[in-house]
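One chain is shown next in structure tokens, namely the form predicted alone.
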Amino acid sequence: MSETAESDQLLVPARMVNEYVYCPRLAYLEWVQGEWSDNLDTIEGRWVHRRVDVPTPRQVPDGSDTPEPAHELTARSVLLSSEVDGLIARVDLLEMSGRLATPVEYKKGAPPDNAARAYDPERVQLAVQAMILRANGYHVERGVLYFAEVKERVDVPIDDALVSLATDAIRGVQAMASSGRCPAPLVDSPKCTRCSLNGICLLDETNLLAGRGDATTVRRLVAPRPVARPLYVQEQGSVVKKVGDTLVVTAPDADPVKVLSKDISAVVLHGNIQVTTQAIRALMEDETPVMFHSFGGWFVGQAGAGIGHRNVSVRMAQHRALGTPLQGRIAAALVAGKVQNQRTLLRRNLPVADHAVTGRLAQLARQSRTVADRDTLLGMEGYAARTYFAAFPALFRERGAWAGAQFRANGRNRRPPLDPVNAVLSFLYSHLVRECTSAALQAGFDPYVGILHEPHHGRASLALDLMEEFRPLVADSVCITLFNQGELEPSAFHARARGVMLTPKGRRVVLAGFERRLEQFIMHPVFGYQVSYRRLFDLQARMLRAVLLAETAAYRPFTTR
């Protein structure tokens, strides 16, 4: 019996042949692009496999040397391969009687109500396992599907017709992988509703933008907002450590705070916070990033989740787009989206309508959509920013009027910010960069290679690209709200030389407002369903990925009316 290393990616896994028969795009995303996401079905499936995934510590005789007749033998989690056929499989349970071998595949549900009492993907998976066993000298007549929910075994004869079906599927997998192109999503398929990768595949969204099929509505197949939340730690001298399934934050002169690891989407640290090695390792295993900000709020970087995203093709496509007309079109869309959202914020919130300003921004948004020259595009973006921030102080009213007056005197500035409004804007932009960096990494991008922003040492240029359309809708909106509602008062700031900084209490107020905004639902103007801003970051990053992978023709920035 040949045991093959799991890392040998040249062999086609039997499970991927199963996935290919179910959905070619699912097989490509999982095997070629290395994507994975859990849902209830996959978690329940692991529970069903909890015993058979533990290898039996006994010797399994080689098929070519086993005498007949021989004693009965069963073995769990047997890894087999066939170099000749280019296949590999891990058999859940192998039942042997001499050279006669029967692979048993565990499934969590009940048998389907059809003639074979089995679906084609599972039958094909068993056929691939049988082909590998035969190549290793065993005699295989049938396989078995064991359905854990009803504890029922279903025999699957390995006949010529099933082997032919499996052979065609194997060739399809090999051709798909060598093509380097992800198959198109299924159109309006009921299979997709329970697929764990539907949040990555974005089947209906991609089909709609690609004009594929006749569907005009998009099903929301993922939760409108993530369940987990970021854990912010900003008390200097705090220590984050792992105790069981819990992260414990210990701050000087305060009681420890305990949070379940599964409830945390990211650990966000401000300043000098210690994280134990055990905690970092556990977070990496859970693919939960640890994100570092300076004491003043500047986003420094992050400790990656695990070994990083394995989807190389996305990064290759990202680099190929540089210097092409596609880069120019995406950059123009990003600027147009930002300017349009700036106009929307002013139109909604100015105490007295200023048609000259909003009209100018509308014109700049329209013109920027067709600009191919990068310098011209940046010039238009800069002109729009000056127009926008010239009107910005008028948005601060009543309890926030004092802050607007100081901003009016200083204008938009940073490093250091000279007034409270600029301090809050810089702080919020820094956290928006962090969120967009995380979204870029989740989508498989290199966050340092920008489309609009040129690469710069240590700067997450692509994250800056992704955040452009969200600056007015998230950061600027939160800033205005916090001042106008009186949540931020002069006591939330202190002066340092010429600059102004948030106090620790002021930072907590801003972070709370920022989190409230990210949890807020908003109707997507193209897809027609409600989604939170935090989910929206991921959605837009994946839509950008679809453009770079040539799945859709043009990037559509998120804009509101």
Partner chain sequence: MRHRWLIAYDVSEAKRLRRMHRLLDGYGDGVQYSVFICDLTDVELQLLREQVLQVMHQAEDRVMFVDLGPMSGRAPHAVSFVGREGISLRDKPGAVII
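Predicted, not measured: the structure shown is a model, and the values here were computed from it. Residue numbers count along the first chain shown, from 1. Heads up, when I say rigid core I mean the largest set of C-alphas that superpose within 1.5 Å between the two forms.
What comes next is about the form predicted in complex with the partner chain, which is not displayed.
Exercise for review: Look at the stretches 318-326, 241-249, 116-124, 344-352 and give the one with heavy atoms within 4.5 Å of the partner chain in the model of the complex.
Suggested key: Selected range: 241-249.
Exercise for review: Could you tell me which one of R281, R369, K258, H139 places a heavy atom within 4.5 Å of the partner chain in the model of the complex?
Suggested key: If I apply the 4.5 Å criterion carefully, the residue I get is K258.
Exercise for review: Would you kindly say which of Q406, Q234, S82, S77 lies with a heavy atom within 4.5 Å of the partner chain in the model of the complex?
Suggested key: Only one listed residue qualifies here, and that residue is Q234.
Check your understanding: Do L40 and the partner chain share at least one heavy atom pair within 4.5 Å in the model of the complex?
Key -> Result yes; L40 sits at the interface with the partner chain in the model of the complex.
Practice item. Spell out, yes or no, whether the shortest heavy atom distance between K191 and the partner chain in the model of the complex is within 4.5 Å. Key: No, K191 is distant from the partner.
Exercise for review: Check whether V500 has any heavy atom within 4.5 Å of a heavy atom of the partner chain in the model of the complex, and answer yes or no.
Suggested key: Although the partner chain is absent here, V500 would stay clear of it in the model of the complex, with no heavy atoms inside 4.5 Å.
Review point. With the cut-off set at 4.5 Å between non-hydrogen atoms, does E515 touch the partner chain in the model of the complex?
Key: Yes, contact at 4.5 Å.
Review point. Any chance the CA of R408 moves 2 angstroms or more between this form and the one not shown, core superposed?
Key: The answer is no, as the C-alpha of R408 shifts between this form and the one not shown by less than 2 Å after core alignment.
Check your understanding: P112: with the rigid core matched between this form and the one not shown, does its Cα shift 2 Å or more?
Key -> P112: C-alpha displaced by less than 2 Å between this form and the one not shown.
Exercise for review: Return yes or no for V239: a CA shift of at least 2 Å between this form and the one not shown, with the rigid core superposed?
Suggested key: Superposed on the core, V239 moves its C-alpha 2 Å or more between this form and the one not shown.
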